[in-house]
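Take a look at this one chain, the form predicted on its own, written out in structure tokens.
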């Protein structure tokens, strides 16, 4: 059975997301391991530029350019992607563990009766086969999953799971004209796109997260200042979002977003399991909490037992000095 690999590329404003470039880099290694073809699928409206970027990583880039695909809709995207998978028959399908990926890929796995691994964080290419690394129970258990020899594998990976390699190819671009027809039972009444220019939370290399210990919404301005100095993003615990101090778009955890930044700083975050499950694969975790028994210290690489309002102003000033000196 062919071991061809296919990457579903997510784009923002017709530009491939960093998380998708990570998957393209990892997909190249997997394809070379099995001497197979690396495909990528780019869908949307006016995707010529995106296809050009993606073709630098792939053997073949499949482009479905249609105005109906300008905005994500599970009915359209799943129908088109089902047609692509049926036509090209890849053995391995990779996507990002994003809001889109979590909505789209379980539907496709059910349609193809494929093996499904979600929220993975790495691969092992040693030996004859492919193993996928998936954390369980808030990172307390690391499992390795190996797909069967005959089943299609669909796997979604957390952003920041792989490095982005330099493009070094000039892959073929294939324009596909698929039947893009809307589900007559679903009508989009309206949609509103946030005009934020912030770094995407799931792709941020640096996240400073506020918990209940931040005491009030206005105190998050201090975290915003630090995030700006670091070129990162502010996150929030579920308690903070439930209190209306921050928008849901900032929520990290099982019921929010899953993140894997290079550096995560938790400020006044207790470390409840549903939050830990959303950030346990961060490369370095720093916890600031005045309660020495806070659960988050069990997961932290570095812990500061002190009031966040004593630590954060000092941190901000030190970062400003470094910025001015550089």
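Everything quoted here is computed from the prediction, not taken from an experiment. Positions refer to the first chain, counted from 1. We call the rigid core the largest set of C-alpha positions that still match within 1.5 Å between the two forms.
The same protein has a further form, the form predicted together with a small molecule, not shown here; the description that follows concerns it.
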Any non-hydrogen atom of residue 255 within 4.5 angstroms of the small molecule in the model of the complex: yes
Using a 4.5 angstroms cut-off on non-hydrogen atoms, would residue 317 count as touching the small molecule in the model of the complex? no
Mark residue 263 yes when one of its heavy atoms lies within 4.5 Å of a heavy atom of the small molecule in the model of the complex, and no otherwise. no
In the model of the complex, is there a heavy atom of the small molecule that lies within 4.5 Å of any heavy atom of residue 44, even though the partner is absent here? no
Partner-contacting position among 50, 62, 294, 285 - heavy atom within 4.5 Å of the small molecule in the model of the complex: 294
The one option of 212, 102, 133, 107 with any heavy atom within 4.5 Å of the small molecule in the model of the complex is 212
Site check 239, 271 and 275: each within 4.5 Å of the small molecule in the model of the complex by heavy atom: yes
Can you pick the stretch from 286 to 294, 65 to 73, 52 to 60, 31 to 39 whose heavy atoms fall within 4.5 Å of the small molecule in the model of the complex? 286 to 294
Yes/no, residue 212 Cα shift of 2 Å or more between this form and the one not shown with rigid core fixed: yes
Taking 2 Å as the cut-off, check whether the CA of residue 295 shifts that much or more between this form and the one not shown after a rigid core fit. yes
Residue 238: Cα shift of 2 Å or greater between this form and the one not shown (core-aligned): yes
